[in-house]
Ligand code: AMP
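Let's start with one chain on its own, the form predicted alone, as structure tokens.
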Amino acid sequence: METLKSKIRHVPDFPKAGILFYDITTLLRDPEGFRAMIDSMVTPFTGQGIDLVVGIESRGFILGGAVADRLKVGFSPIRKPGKLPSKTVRETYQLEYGTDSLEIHDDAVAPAQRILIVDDVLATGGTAAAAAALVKRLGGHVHGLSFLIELLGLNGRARLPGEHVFSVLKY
């Protein structure tokens, strides 16, 4: 995993002062690193009967699409409000400085489907918890959540009680 970590650029004070941003674009452009990253995100869920991968905007689309391909299942996006063209359901969640919302098409998940939620970073857990709530509102079963990076100091897992959470890299 240190090899993957070495391919991630650290950007201090982005998007604001005091934040250390883990820029995965440097990992995405490396073919061997990209392959190893996706292999690592897929392995715990291989043979688990996943029916669909759901990816969270926007880097979750890149990772989720590749994970879905490896698992030989479909992919559905979760987006910021107003970005999906058909009827949606919305989940609003608390941030440390306000609220935000996510949407998914109302037909994106079928009842009882086993869903794997994919995103690049698990930080405070608000976005992931909102995504899980959307899947459940549509009748899906959240089989697991797979992240490339988990920021341990922000304790995002605490907002996902009872969920199977996997992260490749921990900081």
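On a predicted model such as this, the values are computed, not experimentally measured, just so you know. Residue numbers run from 1 along the displayed sequence.
What comes next is about the form predicted in complex with adenosine monophosphate, which is not displayed.
> Which of 41-49, 62-70, 112-120, 137-145 has heavy atoms within 4.5 Å of adenosine monophosphate in the model of the complex?
Single hit among the candidates: 112-120.
> Indicate whether adenosine monophosphate has at least one heavy atom within 4.5 Å of a heavy atom of I19 in the model of the complex.
Output for I19 is yes: heavy atoms within 4.5 Å of adenosine monophosphate.
> Find out whether any non-hydrogen atom of G126 is located within 4.5 angstroms of adenosine monophosphate in the model of the complex, and reply yes or no.
Because a heavy atom of G126 falls inside 4.5 Å of adenosine monophosphate in the model of the complex, the answer is yes.
> Within 4.5 Å of adenosine monophosphate in the model of the complex, which residues of 133-171 have a heavy atom? Give them in sequence order, or say none.
Read in sequence order, the lone residue that approaches adenosine monophosphate (within 4.5 Å, in the model of the complex) is L151.
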